[in-house]
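Single chain ahead, written as structure tokens, the form predicted alone.
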């Protein structure tokens, strides 16, 4: 996964590049607006981290030109944190706006969240649905705006089965087979497992992921998104 950082503050650029490389990303650098366009065309990055106050060509102009040709995810960096500046950046096509000063770890989190939303960031052990990422290797459910939810292996299997069939009602017997296999679960065990998972999901402030019971048939998962 390749990122392009466009920042004319060399010290900050080095810190961001080091932090993002340590997080597993490949990083390309540019220090002015014209170089940013050239590096973008040559490297074809997966995401752009773009400072606004750049020599030769300012960041808003860079954002405008790239957005006219590409749906590349763009995060703007700026010391200007007023509503007018943020709105202007977002209206030009940026996907996120980070006000300086900020912590490099915060930027890493925003980069990962934006890549997930754009459908460009997932590992083989992850299942993505909307804002949610189910990490099957870590038994965690993650979203961009809340702490990870720790799951048990059985809860992970239940949620994975439901998420893989979003919009469908899975019969209870099918879920029992998917979760316990030949080990022999039953409907009472499934009901208790659903209850425990629901309790964990309800601790999330957004509470946009819900498991619904369809009487006499089974269960379905509903993923609500904000308009």
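Residue numbers count along the first chain shown, from 1. Because the structure is predicted, anything quoted here is derived from the model rather than measured.
There is also a form predicted together with a further copy of the same chain; it is not shown, and the following applies to it.
Every residue in the set 95, 117 and 138 has a non-hydrogen atom no more than 4.5 Å from a further copy of the same chain in the model of the complex. Proximity of residue 110 to a further copy of the same chain in the model of the complex falls within the 4.5 Å heavy atom cutoff. Contact check for residue 71: a heavy atom falls within 4.5 Å of a further copy of the same chain in the model of the complex.
Proximity of residue 146 to a further copy of the same chain in the model of the complex: non-hydrogen atoms within 4.5 Å are absent; the residue sits far from the partner. Put simply, residue 129 is far from a further copy of the same chain in the model of the complex: not one heavy atom of it is within 4.5 Å. Considering a further copy of the same chain in the model of the complex, the lone stretch of 173-181, 186-194, 48-56, 63-71 in range is 63-71 [heavy atom distance within 4.5 Å]. Residues of 1-27 are not found to place any heavy atom within 4.5 Å of a further copy of the same chain in the model of the complex.
Pairwise change in the model of the complex: residue 156 and residue 109 C-alpha atoms lie farther apart than in the shown form, at least 3 Å. With a change of no less than 3 Å, the CA-CA distance between residue 110 and residue 156 is larger in the model of the complex than in the form shown.
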